[in-house]
Structures are given as structure tokens and as C-alpha cells.
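Take a look at this one chain, the form predicted on its own, written out in C-alpha cells.
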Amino acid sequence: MAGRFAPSPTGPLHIGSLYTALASFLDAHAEGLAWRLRFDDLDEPRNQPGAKSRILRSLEAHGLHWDGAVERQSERLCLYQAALETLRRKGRVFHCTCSRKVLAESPTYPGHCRERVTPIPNAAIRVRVDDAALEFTDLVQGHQRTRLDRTVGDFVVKRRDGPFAYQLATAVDDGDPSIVRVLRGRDLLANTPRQLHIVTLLDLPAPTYAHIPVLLNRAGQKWSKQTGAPAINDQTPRDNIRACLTLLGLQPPDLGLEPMIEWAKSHWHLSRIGKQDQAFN
């Protein structure tokens, strides 16, 4: 049984991604789980050359050692295709040729192409949603309830330009019976109902979710590659880990890197983490 950390190789680790990686690592170990590493690398144009190797080096420099082989979504395409075929056999997908202009006119998918079940060229593939409320309990954010038909409508599982969509690939990967705990940033909470919808349609087991607050820069934006977050300094791992532990509600003693991480494993508890995003300058 395992938890997992799944960065996108669009650049090096920054303080926000290290903070999430550390929380995921500690949470898995505190629960007696393995901690697995997966690269969500399906969006090839956004992948940065050398980013995977650099991320691996940063994790190792900070004492965050993963269990088992590193997984890559780009090497799991056959699993996503099999999942798509299952959805097709169940009559849950259709082919959509709606333009961006048409889609922009409605807050949710308007349903124009719902009857197009036969494959056609130059079309996205969408999965049908129904009007039932989808509910789950997040270990940090509490009880969640939503209606996909009112929030997003039928959503894309395979893009018009070819790649499998994030929602499908992540649902299949996190629906692996060995993945029992998914800790990630609160910014991904809105994706969870869509992934749970797919997990349910595929008869996969759903993991337990914990969405922790994200770190914000001075402009109130999430620390990310898109907002110019600098790469983490691998030469100061002890200071970086100490800063992240403080942000995660822990007050570590003055220890070296490895003893500090061992201390954090034994003192970790999700109840120390608040629900709101935190400023970190």
C-alpha cells in the first residue's frame, strides 16, 4: 500500500513543490505506507528537458527517498487506452467537435455532441456526467459535495490533438489498488470529483484524499513555475526542509537533515495543517 507524489516535469522543484512533496512523504510514512514517485508527463510540449533528472536529484538531496521504480505516465498509455475502451463499451463517452467559441458561451459543456458515439476525426472525447451529487470526505478540507452537471458538465478524457487528458490518466493511476492515499495541493481539489467519477465508472477503488493549503507569493499567487518560482537550492536542504516543516505546523528541533526528517515522521499529523493557503515570501 502506498501514497504518491506526482510532479509534472515542466521545471525544477521550487519551495511550493518541495512543501507538497515533504507533506506527502511524511503522511505516507506516518501511515506505514510506501511513498511512490510518478511523473505526470503527458503534456509533452510543456515538459522541460532535464527536468525529471533535476527533480530526482533535488528529492534525494533533501532526504526524500521514494520506494520502488519511478513511474511515468508517458509509459502507461496502454492502460489509459484500455480505460477509454471500457468507457466506450459502457456507452459513457462521445466525440466532440465543438469550437472554443461555442464552449465559451456556456459555463458548463452544453451537450451539443452527446449523440456522436461513433469515432470521427479531429474530435475530443468526452465522458458523460449525470445529475447525481458526488460526495467524498477530504482529510483536510472536510466533507465535499458537488454536481458535475452543474459545475463542468461532460468533460474531456482525450484531447482533440491526441494526448489523454489529465483527468483520465490520473484517475487510472490513482485508482491502482495499491494507491490508498493521495495528498496534494488544495488547488487540485476541484479536479477530484471528475477523477472520482471516472474511478467509479471503471469500477476502481478510490484512494483517500487530503488536499493541503498551497503557498502564496507576495502577489497572492500560488508558488509555481508559471508565476516564476525559483528553483529550490539543493545546497541548503536542511534549511529548506526546516522551513517547510514550520509551514506544515511542526516546530522541529535543531537537528541535522536526516534526524530532522525522522523526527518529523513521528510527529506528523494532518490536524496540524489548516485549510487556508499560506503566504511565504
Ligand code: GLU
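Source: prediction; values computed, not measured. The numbering used is simple: start at 1 and walk along the sequence shown.
Not pictured, yet referred to below: the form predicted together with the ligand.
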Q.
in the predicted complex, does every one of G16, S24 and L247 come within 4.5 Å of the ligand, counting any heavy atom?
A. no
Q) Would K158 show up as a contact with the ligand in the predicted complex if we use heavy atoms at 4.5 Å? A) no
**Q.** Contact test in the predicted complex: L79 vs the ligand, heavy atoms, 4.5 Å
**A.** no
Q: Using a 4.5 Å heavy atom cut-off, state whether L84 contacts the ligand in the predicted complex.
A: no
Q. Would H197 sit within 4.5 Å of the ligand in the predicted complex, counting heavy atoms only?
A. no
Q: From the candidate stretches 136 to 144, 184 to 192, 90 to 98, 121 to 129, select the single one in contact with the ligand in the predicted complex, where contact means a heavy atom within 4.5 Å.
A: 184 to 192
**Q.** Partner contacts in the predicted complex for 1 to 20 (non-hydrogen atom within 4.5 angstroms of the ligand)
**A.** R4, A6, P7, S8
